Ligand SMILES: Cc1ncc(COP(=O)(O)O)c(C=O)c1O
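The form predicted on its own is given below as one chain in structure tokens.
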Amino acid sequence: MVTTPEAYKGISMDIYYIDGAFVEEDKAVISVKDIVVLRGYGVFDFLITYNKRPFRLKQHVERLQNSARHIGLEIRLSTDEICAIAEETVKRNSHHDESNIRLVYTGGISSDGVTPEGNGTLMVMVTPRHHLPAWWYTDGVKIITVDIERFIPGAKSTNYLSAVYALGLARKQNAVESIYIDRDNRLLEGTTTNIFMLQGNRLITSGSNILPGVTRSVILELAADQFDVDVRDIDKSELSAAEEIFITASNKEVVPVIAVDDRSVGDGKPGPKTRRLMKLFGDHTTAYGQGNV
């Protein structure tokens, strides 16, 4: 079905920021010669709003810049400049109840089609937030493990081939996420998530060769006076002993896991400690949206 301009009449279109200009979403374009298109060379970050306030925006922008440093990409804007642009883009989308915010910095146009030349483009795309199925949080989800390692794991790059492939494998097994396992059989992270395990009063999460999630950092802060926190390498075999497992991400928040591959976690229901952390996170984000933290 082709959507005609007439179909948009009366509909509030989303406003994006593209390289110095605020434009309607259907006018947001970049060059096909940009190496983000030709080579998948660029970085991005993603966050959501609470009460229309971008959640930990500066932390996300700093991670975007860190991702760029990891892959040798020069970002020509400061942290404060990017934050101001993102906040203005959110304001220009006041028709949203809550928003998803995607920050992208492209590799730019390259004379040889592969070498960065310092002319990348900042894009800020603000779209309505879509809530995930309620049963994910009430009943819990299944995840799978896959023998994949990301290239330069500290960078959130636009090259998502491994993630797209791994998520396809998950869907074939009625799972919502794939967790990467490295060549040394260590548990790393999901395609878009970080993973946590609970064993007794100990909260365990992977500590190396991952992209440290912002939601992950919040959970670690909130858990500090609730649990014994253990950030370290995790062998895949430890999954079978976990009493509770959950995954975290900006758009997913805290999701209880009740099955890994073909094995149930605990009694096959979201556990009480996971639920406690879900509530702590919910209370924190509510307070954040009210400007109280």
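Worth saying up front: this structure is predicted, and the values here are computed from it rather than measured. A residue's number is simply how far along the shown sequence it sits, counting from 1.
FYI, the form predicted in complex with the ligand isn't displayed, but the following is about it.
Taking a 4.5 Å heavy atom cutoff to the ligand in the predicted bound form, the contact residue among N159, N119, T192, Q199 is T192.
Out of the listed residues T215, S206, T145, T106, T215 is the one that sits within 4.5 Å of the ligand in the predicted bound form by at least one heavy atom. At least one heavy atom of T248 is located within 4.5 Å of the ligand in the predicted bound form. Though the partner is left out of this view, L211 does reach within 4.5 Å of the ligand in the predicted bound form, counting heavy atoms only. Contact with the ligand in the predicted bound form, judged as any non-hydrogen atom within 4.5 angstroms, is confined among 262-270, 223-231, 30-38, 55-63 to 55-63.
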